[in-house]
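Two forms of a single protein chain come next, each set out by itself as structure tokens; they are called structure 1 and structure 2.
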Structure 1
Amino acid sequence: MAANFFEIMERLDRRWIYLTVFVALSIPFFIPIPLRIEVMPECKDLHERIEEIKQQNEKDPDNAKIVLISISWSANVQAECWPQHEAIAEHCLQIGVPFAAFSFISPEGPQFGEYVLDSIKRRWEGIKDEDFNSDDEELREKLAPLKRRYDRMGKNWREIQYGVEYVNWGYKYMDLAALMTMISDLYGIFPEDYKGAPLQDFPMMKQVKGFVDCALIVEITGSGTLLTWVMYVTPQSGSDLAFACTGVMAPEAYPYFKSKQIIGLLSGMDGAAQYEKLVGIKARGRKGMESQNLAHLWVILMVILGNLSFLYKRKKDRDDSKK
């Protein structure tokens, strides 16, 4: 019986593997799986840094700094990068740290930046003002991070004020020289935002000359852009750098996190889910983790089964050769 099973496993058609992975990925769409997300230090550090920027801006409003999100991702990696982007943008909006977004790799980046904000707005539409002061303690606790925005902005908390809270610089093809120009002269490269409005006219951009006025740059990417920032830009601009990347790219980034050249690291969907937990939302990251969780478990099981059948075959071959 077991022998038959291992022989079948050894000869298993790959289409069965595809089918079972598909099933594993699909189950959480129908049956939600409650997961406890553990927040790792690399995620916590990024969260704390944005909180610090808020405090610094409050202490010294004349010298307020912004967070810059570099959208170096596109549709192909949106499963991992979108939730990272959404969680960081949500955090900035919750606590009132102005942030800008731009892209130098992905022409579609600015558009995705807008889609992410639309997604945040849609989620907020499902929350009633009364919920913030609800009798339900669990609900109040869940909405506590967002309540900071409600407390600050009152009834208009759902409106994202373009130019005050957020600006989309747009996309420009550029290489190193242009990127380095932006360290001190942003407007030489981006005189207008992505809709053609003069960038310098926006209230949050008044004090921004270039990367030097970005307290934190968050590179969200599925490409190898980390070195560009680490080697050329942030040492000159003095900005902190955080890296949010696809899961497969994270191992490359860890040495820079260890050396503190990047102050925070979000690795794939797991990183996004951790950040979502910190900002009290359950969006694409935590929902997606349910599918990823099952798929990972399934792959682990397949690897174990594959090895058992391999060992069985090897033993059988040895026994046969002895005969």
Structure 2
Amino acid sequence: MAANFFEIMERLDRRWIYLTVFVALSIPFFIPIPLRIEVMPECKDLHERIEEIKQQNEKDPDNAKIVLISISWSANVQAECWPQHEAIAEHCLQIGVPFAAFSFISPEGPQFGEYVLDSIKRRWEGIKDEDFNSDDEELREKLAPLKRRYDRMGKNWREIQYGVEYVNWGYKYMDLAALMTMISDLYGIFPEDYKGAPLQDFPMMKQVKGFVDCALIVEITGSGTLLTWVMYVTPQSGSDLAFACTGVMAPEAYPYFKSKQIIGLLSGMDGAAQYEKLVGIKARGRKGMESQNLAHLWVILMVILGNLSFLYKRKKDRDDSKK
């Protein structure tokens, strides 16, 4: 029976293997697969910093600070950068930390920022108000992080208040001089938001003069933009810097985390999945990791079976040559 199996494996068209890998990748999007997520210190530090900003704003509302998300990613890296962006935005929305988004690298970045918020809204639509006080303990525990938003906003918790909780500055191509100007003079470079409305008129922007009023800048990127922030901007603005990047870029960023030049680091889809766990959601990051892990296991199994088939064939050829 084993011999027949290995003979079938030997003759198997590789396209069937590609099909089974596709099936393995698809399964977690329809059937939940438990996956243990270990949260690394660099992810936890970013989460804790945003929580600290919330506390500082509550203690001193007259000097409230915002979080700035720099969208330096586009469609080619959205599998990793979208879930990072979504998890951070969800966290800010849950606890009431106002955040802005802009791009000086990717022209389509601000539009992707809007797509991310639409994704969050769609996920919230499946939650009923009564679920927050359900008799189901497991459901209440699942919604506990989002309940902070529900308790703060009541029946309007699903509405993301543009200009109060979030604002999109838009995109402008800038050289280093323009970026440095934004440290203290944001409106000289961005007088309007991405829709053309006066930026300074929005409630959350009243106290914001530039990067100096951003407690934290989060650079989400698929390109090499880290040094621009580390060498030039944040030393002058005094803002903390966090870095969210594709997996292949993470190794070059770790020295900056170790030296405390960046206070947090999310690496690829795994970093997004870790942050989703801290925020209490299951979105693209955790679903993607489940899919990826199952596909990896299946490929490993195929490699093992392929090698066993090869060894069986070699043994069979030796036996046949002795006859």
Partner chain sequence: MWRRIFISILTFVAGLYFFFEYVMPRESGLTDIMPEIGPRVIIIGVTAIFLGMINLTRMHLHKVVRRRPGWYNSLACIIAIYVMFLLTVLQYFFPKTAWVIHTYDTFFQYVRIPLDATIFSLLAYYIASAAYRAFRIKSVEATVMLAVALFVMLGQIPMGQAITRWLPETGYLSWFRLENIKLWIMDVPNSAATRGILFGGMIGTLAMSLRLWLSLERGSFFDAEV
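By convention here, residues take numbers in order along the sequence of structure 1, the first being 1. If you superpose the two forms and keep the largest set of C-alpha atoms that fall within 1.5 Å, you have the rigid core. Being a predicted model, the structure only gives us computed values, none of them experimental.
S.K.: Among the two displayed forms of the chain, which is the form predicted on its own?
M.R.: Looking at both copies of the chain, structure 2 is the one that matches the description.
S.K.: From D185, I33, Q261, L179, grab the one where the chain hinges as the two rigid parts shift between structure 1 and structure 2.
M.R.: Checking the domain motion between structure 1 and structure 2, the hinge sits at I33.
S.K.: What is the turn angle of the smaller rigid part between structure 1 and structure 2, given in degrees?
M.R.: Relative rotation between the rigid parts: 24 degrees.
S.K.: For W298, tell me the Cα shift between structure 1 and structure 2 once the rigid core is superposed, in Å to one decimal.
M.R.: Residue shift at the C-alpha: 5.8 Å.
S.K.: By how many angstrom is the Cα of L25 displaced between structure 1 and structure 2 when the rigid core is overlaid?
M.R.: On core superposition, this C-alpha lies 3.3 Å from its counterpart.
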